[in-house]
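Form predicted alone, single chain, as structure tokens, below.
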């Protein structure tokens, strides 16, 4: 006997059912208001002209009532606009592009490793295995002091790298925006591992002869997520200082942090970290609204430092031979996953459409009441964002986030290509990724961007931006001479 009803599971694609559900829930208020407004309109049309005039004449207004009503409306509007947070605009930003003389192809890196670690071939072999699976390309750069054999990480060389990276990014920012040094009201510089005296922020003030009343900050020791911490600090300062410009400089100085020992956990950063830096102009001036590229929507910060394992998973210390390096724990990815879970739990209600929030809530209630073995529902963040900028900390970081957030290859393309072309540039990597999306001509007005970064401590920080205008493909920037070659295929293992 043939079946009475067709097999809907094979004839109906469930993704279209989900799309219909999302549309229904996200527009529920509109769909409810339409019949109400239609009913009111029909009733009005049924009334004749005389009945409408009589209804109007039956309403009695006196001068006192009108004045009180106007005063009340003005008062409510004033309170609303005074309590409303100021809009923070990202006017523009600039990324540092290292010269070709600083490039470190795989062959050069491995030759230097063999000469520096000639007494420990196992450490050399370990670095080679890491490099083969790192996702880095042949054009990443290290500062001049690291090209020496042995490396010469002096204070002078470290300051030299800082000056080249920061001043180059600042000069590019001034050129792109037309900003004058005297117009900078707030300056924030973040560099995790190099913290000289005077500070890097003082170095910038001295170079550009900034005003004596400038509010300057220098953040150190906060890891690869320090860039978003600086953005958060700038946002808070711009909320209390009207009509102001804030410049954020994010970088990591590699020269003094090259590890010359044999501890494997400390050799990892040598293989991944490379030169880079970015300068960002933020403003709360209303006049900047029309030319600004982005508007800051949310910043969410998660700190897991109360947990001992999380606190020590990225740790600067001495090895058995007294050589200082950054030790990366084997638990790093698990701890990063927990930090990400906490972060998206906070940011989810702020950005996800109602349909996704309801599905998540219903699944959570079902697991608690009916069956704890139900598979937890992972919200579809693709409904909330068009672009994802995941910190290019390494191939494993990008792979894990792509898997957990169920992202496509295109969503993580900017992160993978940034890692391939520039390596792990620490806190500035997010801006190289944003620049990649712009260079590909994909950034349209209204697009939403999610920046995610991880840092020592352990921290997971997020920033959400909304594109203020369709951005034309830039003629300058770090990707100018190579964007046509990207994306490239990156094999799982590159045999050296």
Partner chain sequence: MAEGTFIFMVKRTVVSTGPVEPGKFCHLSVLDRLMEQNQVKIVYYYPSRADVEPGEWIEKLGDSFASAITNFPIITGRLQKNTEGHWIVKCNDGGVRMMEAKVKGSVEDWLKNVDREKELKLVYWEDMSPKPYYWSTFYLQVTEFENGGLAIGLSCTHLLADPICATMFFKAWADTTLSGIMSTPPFFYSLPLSKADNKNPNQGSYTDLIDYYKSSIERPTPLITNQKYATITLSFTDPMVRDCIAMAQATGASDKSRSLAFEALAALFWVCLSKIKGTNGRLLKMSLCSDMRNVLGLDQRFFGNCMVYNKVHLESAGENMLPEASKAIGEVMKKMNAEGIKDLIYWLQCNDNQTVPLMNGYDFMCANLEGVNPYLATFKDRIEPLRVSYYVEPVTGPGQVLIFRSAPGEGPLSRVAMATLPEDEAAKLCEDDLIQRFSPTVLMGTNKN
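Predicted model only: the values in this text are computed from it and were never measured. Positions refer to the first chain, counted from 1.
A second form of this protein, the form predicted together with the partner chain, is not displayed here; the remarks below concern that form.
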property	result
Selected contact from 411, 112, 260, 176, since only one has a non-hydrogen atom within 4.5 angstroms of the partner chain in the predicted bound form	112
Single option in 404, 108, 195, 154 placed near the partner chain in the predicted bound form, where near means a heavy atom within 4.5 Å	108
Location of the partner chain contact in the predicted bound form, chosen stretch of 143-151, 356-364, 71-79, 416-424 [non-hydrogen atom, 4.5 Å]	143-151
Touches the partner chain in the predicted bound form: residue 303 (any heavy atom, 4.5 Å)	no
Interface membership of residue 212, the partner chain in the predicted bound form, 4.5 Å heavy atom rule	no
is_contact(residue 133, the partner chain) in the predicted bound form, heavy atom dist at most 4.5 Å	no
The partner chain contact at residue 139 in the predicted bound form, heavy atom, 4.5 Å	yes
